[in-house]
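Encoded as C-alpha cells, the following chain is the form predicted alone, with no partner shown.
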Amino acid sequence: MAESKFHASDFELAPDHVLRRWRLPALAIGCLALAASLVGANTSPTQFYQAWLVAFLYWLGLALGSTAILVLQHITGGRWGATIRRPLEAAAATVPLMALFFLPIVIGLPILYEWARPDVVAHDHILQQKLFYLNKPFFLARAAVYFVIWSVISRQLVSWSTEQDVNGECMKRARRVEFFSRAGMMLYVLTITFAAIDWGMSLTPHWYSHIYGLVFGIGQVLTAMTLMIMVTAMTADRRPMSLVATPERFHDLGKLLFAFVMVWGYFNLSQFLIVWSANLPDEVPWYLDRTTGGWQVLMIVLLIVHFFVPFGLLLSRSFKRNPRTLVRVAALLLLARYLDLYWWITPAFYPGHFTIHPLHAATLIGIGGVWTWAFLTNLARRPLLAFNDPMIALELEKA
C-alpha cells in the first residue's frame, strides 16, 4: 500500500473550541452534582443508591459500547471507522474510571439487592437455592473480573493505536490487533451478559430472561454510537476531520445507528412476546410492574422516541447524509437510552408505582460531568485521526 502523503505534523488535536468550552465546565458541574449527591446520600440513602445504579449503568454503557464498536471496527476493517476511531478510543479508555464509580454500589449492596440481605434470604426458598451464585463475595469477585477484562481490552487497543502512530503500519501488529479484537468481542459478549444479570436482573431474583444480557449489550452499543455521531458532527468542520467526515461517512454511521435501533427493537419485542405468550407466574409480573401505575406512560414514550421516530427518520438516505439532521436523532436517542435504563431498573424498587427523585438528576449529571471531562481529556491527547491507519490513508488520498 502506498505511503500516505500526510504526516503527523499535518494533523491537529481536537478542536480548541470543543475542549475549552466543555472540558473544565463539565468537570466543575460534575463535581458540584456529585457533592449534591453525597448530601442526598446522607438524607435519603435508599434513593441515592437506586439513582446511582441507573446513572452508573448509563455512563458505563458509553465506555463499554465504545469498546465494543472499536473491537468491531478492527475486526471488519470498514472505512466507517475512520472518523470515529479516536473518539471510540477516548471513550473506551474511561473504563477504569467507571470501576471507581462502582464503589457506591458495593457499599449499597444490601440496600439494592434482596439476595444481599440475610434476613430476606432466610425466609425465601428460591433465594436460598440461588445463594451459591448470588452472594456478596462471588458478586464482588465477578465484578472485579469484568472490569479487569474490559480494562485490558480497551488499554491494549489504545496502546497499539499509539504504537501505530509512532512506528507506522505493521502487518504483524495488524494481524495481532485483529486476532485480539475477535477474542475481545467474545469476551465482551460473555462478560456483559453476566454483568447485566448481576447488576440488573438480580434486582428481581425470582425473574429471569435468557436475552437480558443481549438487550443490555445492544443498548450500550447504541448509546456509544449516538455519542460518536455527535462528536464527529461537532469536529467535522476542522481539518483534517473535514477531509474524512464526508456525507458518505455520515451515511455509513447513520446506517449503523439504524441497524442498532432495529436490533434493540427486535430484542425487546422478542423478550416481551416470549414472556407474555408463556404467561408464567414467575415471569409476567416483571412486565406488570412496568406497565401499571404510570410506568406504562414511560413505556409508550420509549416506543415513540427510542424506536418509531428514529426508525422513520433514519429510513431517509438524505437524512443520514446530513450531519445536522443526523445529530438531532442521535441526541434524541442519547436521552432515550437513559429513559430506557430508568424503565428497566427503577420499577424493581417501585413496582406498579411511577416515581422520580431529584437524586436521579444529580447522580446522572455528577457521573456524567466527570466522565465527559475524562473523555475530552483523552480525546485531546492525540490527533483526531490515526494518521498511519491504512483506512485513514485511503480516505485522505481520496480527498
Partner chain sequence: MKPVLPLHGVMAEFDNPTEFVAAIHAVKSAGYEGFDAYSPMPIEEAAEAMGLHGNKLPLMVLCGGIAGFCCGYALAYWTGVINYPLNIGGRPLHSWPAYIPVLFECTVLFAALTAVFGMLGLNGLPKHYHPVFNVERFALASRSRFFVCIEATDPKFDLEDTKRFLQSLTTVEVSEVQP
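Keep in mind that what you see is a predicted model, and the values were worked out from it rather than measured. Positions refer to the first chain, counted from 1.
The form predicted in complex with the partner chain exists for this protein as well; it is not shown, and the discussion that follows is about that form.
Legend entry - Heavy atom of each of Tyr133, Phe138 and Ala141 within 4.5 Å of the partner chain in the model of the complex: No, the whole trio is out of contact, none within 4.5 Å by any heavy atom.
Legend entry - Proximity of Arg238 to the partner chain in the model of the complex, heavy atoms at 4.5 Å: Residue-level check for Arg238: no, no contact with the partner chain.
Legend entry - Heavy atom of Leu269 within 4.5 Å of the partner chain in the model of the complex: Residue-level check for Leu269: yes, a contact with the partner chain.
Legend entry - 4.5 Å heavy atom contact, Asp119 to the partner chain in the model of the complex: No - in the model of the complex, heavy atoms of Asp119 and the partner chain never come within 4.5 Å of each other.
Legend entry - Contact label in the model of the complex: Ser277 to the partner chain, heavy atom within 4.5 Å: Ser277: contacts the partner chain in the model of the complex.
Inset, instruction - Determine which one of 197-205, 142-150, 322-330, 277-285 lies within 4.5 Å of the partner chain in the model of the complex, judging by heavy atom distances; exactly one does. - result: Of the stretches listed, the one contacting the partner is 277-285.
Inset, instruction - Identify which of His123, His210, Arg317, Arg182 has a heavy atom within 4.5 Å of the partner chain in the model of the complex; exactly one of them does. - result: Only one option qualifies, and that one is Arg317.
Inset, instruction - Go through Ile304, Val166, Met171, Leu273 and name the one with a heavy atom inside 4.5 Å of the partner chain in the model of the complex. - result: Contact check passes for Leu273.
Inset, instruction - Scan 236-252 and write down, in order along the chain, each residue with a heavy atom lying within 4.5 Å of the partner chain in the model of the complex. - result: The one in contact is Glu248.
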